[in-house]
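The chain below stands alone, shown as structure tokens; this is the form predicted on its own.
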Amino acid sequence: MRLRNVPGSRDVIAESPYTIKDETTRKGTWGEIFGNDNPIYIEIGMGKGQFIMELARSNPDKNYVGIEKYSSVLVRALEKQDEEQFPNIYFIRMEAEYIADVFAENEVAGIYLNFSDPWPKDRHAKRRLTSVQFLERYDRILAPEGHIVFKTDNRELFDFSLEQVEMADKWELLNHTYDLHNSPYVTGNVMTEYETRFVAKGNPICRMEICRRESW
């Protein structure tokens, strides 16, 4: 999908008190940034922020970091946050591949991946956020008991993701479904902008949850 450029979006992001600048210098200091020891959850590729901001609203005892690489999308989340002013959420504009440079070992309690870019060409497979390469990055920052939850409407990407979990020695599939909204896992589900749109059209949503093998 082609993204529309939002003039001045980078300036808004740079000036916002809700965005983290020089993010690679913040590694290991997130408790200080939030001013508490609450667990930290991240969403990689958060879009306009509907999902993660609803989590921040519903869980004031947890901290959230929304990560988005597109300025024109992130700025929309900042507009919402200017109104809501949740104290337990910050945002970063960055490429996901540098995630292990931003968070320290065991610093993240959980990771959400929602409707990620499928990168359909085979030569781009390692860029998919559920690839073995990215699972290795997550392993470096996720707490031992931490889980990763992935949702998508793209069946090919979902099947690829299941295969990658099986290939990765450290990871275990906890549960999965090819039709979230007609499954037990829909309880407590928070929908993203894309999900709301797809569900309205009747498109099935795939979901999986994984953890490290040793955390069982």
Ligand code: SAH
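Residue numbers run from 1 along the displayed sequence. None of these values were measured; they are calculated from a predicted model.
The form predicted in complex with S-adenosyl-L-homocysteine (SAH) exists for this protein as well; it is not shown, and the discussion that follows is about that form.
Residues of just one listed stretch (70-78, 83-91, 139-147, 102-110) have heavy atoms within 4.5 Å of S-adenosyl-L-homocysteine (SAH) in the predicted bound form: 70-78. In the predicted bound form, none of the heavy atoms of residue 39 sits within 4.5 Å of a heavy atom of S-adenosyl-L-homocysteine (SAH). Proximity of residue 23 to S-adenosyl-L-homocysteine (SAH) in the predicted bound form: non-hydrogen atoms within 4.5 Å are absent; the residue sits far from the partner. Remark: residue 114 counts among the residues lining S-adenosyl-L-homocysteine (SAH) in the predicted bound form, judged by a heavy atom distance of 4.5 Å or less. Interface residue remark: residue 95 is counted as part of the site for S-adenosyl-L-homocysteine (SAH) in the predicted bound form, having a heavy atom within 4.5 Å. Contacts between stretch 30-65 and S-adenosyl-L-homocysteine (SAH), counted in the predicted bound form as any heavy atom lying within 4.5 Å, involve 43, 45, 46, 47, listed in sequence order.
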